[in-house]
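Below: one protein chain in two forms, given as structure tokens, structure 1 then structure 2.
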Structure 1
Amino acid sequence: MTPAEILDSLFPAGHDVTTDGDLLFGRARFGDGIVHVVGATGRAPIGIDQAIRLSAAVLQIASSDDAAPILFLVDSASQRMSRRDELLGLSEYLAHLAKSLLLAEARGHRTIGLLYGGSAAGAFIATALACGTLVALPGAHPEVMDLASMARVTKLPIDVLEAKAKTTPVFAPGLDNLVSVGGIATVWDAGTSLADQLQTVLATPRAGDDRATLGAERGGRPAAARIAGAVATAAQG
């Protein structure tokens, strides 16, 4: 689905979301209230120039008292890989964007990531994965690193990696694998009303970071919830 199709299905009562290059900003009417919309679209990399505009928008929403949810549409590449972005401290810009989303959430705005295309590596962490709830549309294709690059770094032939990817969801790219490790809460049905599915998410209160528990239930991340719990228990013992 295109961003326009997604927004039309999500917000039949209308919206004023506008594009600014590969970014989206705006608001929409939803039920009795509104939903804030930000987006990183067009399969574009996220560098310092994109991150700082997204964080500005998120912080402005965070400082408002409307307690309206933020919907973050994501179809990006990885972080921008350039000498200039690293020279100027890309890690700070991406962390700042993530912190802005987490602050908005702490101040009463539900943050919902909607992954409808790609995202990868640091860009994925700073956008979709920094939201309180992450949902995806079928066909979304998140990845930490593509298999070809992974083959270079691990010095394993790509066909060996492809064979291993069939036996475990823990390393290979793809929506099913990210669902299995608990990174994505739900995959929506593109054939029915997205508004109804968003309403369902908003009607379900969020109780802490449950991604490790989901990963254990789904089998993709067997140890994380247990280990984090064991450390936290030992520290408070």
Structure 2
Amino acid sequence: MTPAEILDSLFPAGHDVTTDGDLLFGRARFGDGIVHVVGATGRAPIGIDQAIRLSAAVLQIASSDDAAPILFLVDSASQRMSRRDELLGLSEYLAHLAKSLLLAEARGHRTIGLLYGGSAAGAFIATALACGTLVALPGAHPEVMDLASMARVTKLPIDVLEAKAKTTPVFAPGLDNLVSVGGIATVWDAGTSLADQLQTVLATPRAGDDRATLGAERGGRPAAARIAGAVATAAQG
């Protein structure tokens, strides 16, 4: 689905979301209220310029008292790994964007990421995974790290990583694996009303970060929730 098709299905009552290059900004009528919309689209990499503009939009919403949710549409490449962006502190810009989303959630604005295309590495972490709830459309292709990059970092042969990826979802890119480890809460049905599916998400209370629990229930990350719980208990004692 294109961004225009997604927005039309999400907001049949209308919206004022506009595009600015590969970014989206605006808001839409939804039920008796509104939904704020931001987005990174077009499979474009996210550099410092995009990150600071997205952060500014999120912080402006966070400073408002409307308690309206934020929907973050995501279809990007990795972060922009240019000399300029790296020298100017790209990692700090991405961290600032992620913290802006966390702040918005803490101030009462539900943050829902909608991954409908690609995203990878730091750009994926600072946008989609930084949202309180992440959903996806069929055909989305997330990558925390692609196997070729993982091979360079770990010094393991690519065929070894490919074999591990078949049985261990945390090694593997792709939609099914991110669902299995709990990173993606649910995959929406593109053939039915996205508005109804968004309403279901908003109607479901969110009590903390449940991704490790989902990963355990789905068998993709069986130990994370148990270990985190044990650490929390030990810290309280």
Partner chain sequence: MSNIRQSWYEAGARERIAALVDPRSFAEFVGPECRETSPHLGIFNLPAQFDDGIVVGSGSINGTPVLVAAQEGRFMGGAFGEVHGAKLTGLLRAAKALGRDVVIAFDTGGVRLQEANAGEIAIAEIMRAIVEARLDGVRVVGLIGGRAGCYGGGGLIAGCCSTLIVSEQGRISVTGPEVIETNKGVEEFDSRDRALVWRTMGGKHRTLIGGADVFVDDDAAAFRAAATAALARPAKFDAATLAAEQARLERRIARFGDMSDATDIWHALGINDPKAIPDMPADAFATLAAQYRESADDAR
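Only a predicted model underlies this, so the values are computations on that prediction, with no experimental measurement involved. We call the rigid core the largest set of C-alpha positions that still match within 1.5 Å between the two forms. Sequence positions of structure 1, starting at 1, serve as the residue numbers. Residues that one form lacks are left out of the comparison.
Matching each structure to its source, the form predicted alone turns out to be structure 2. A movement of the C-alpha atom of Leu87 falling short of 2 angstroms is seen between structure 1 and structure 2 when the two forms are aligned on their rigid core. Core-aligned CA deviation for Ala77 between structure 1 and structure 2: less than 2 Å. Relative to the superposed core, Ala151 undergoes a C-alpha shift of no less than 2 Å between structure 1 and structure 2. Shifted stretches between structure 1 and structure 2, defined as 3+ consecutive common residues each with a CA displacement of 2 angstroms or more after rigid core fitting, are limited to 145-168.
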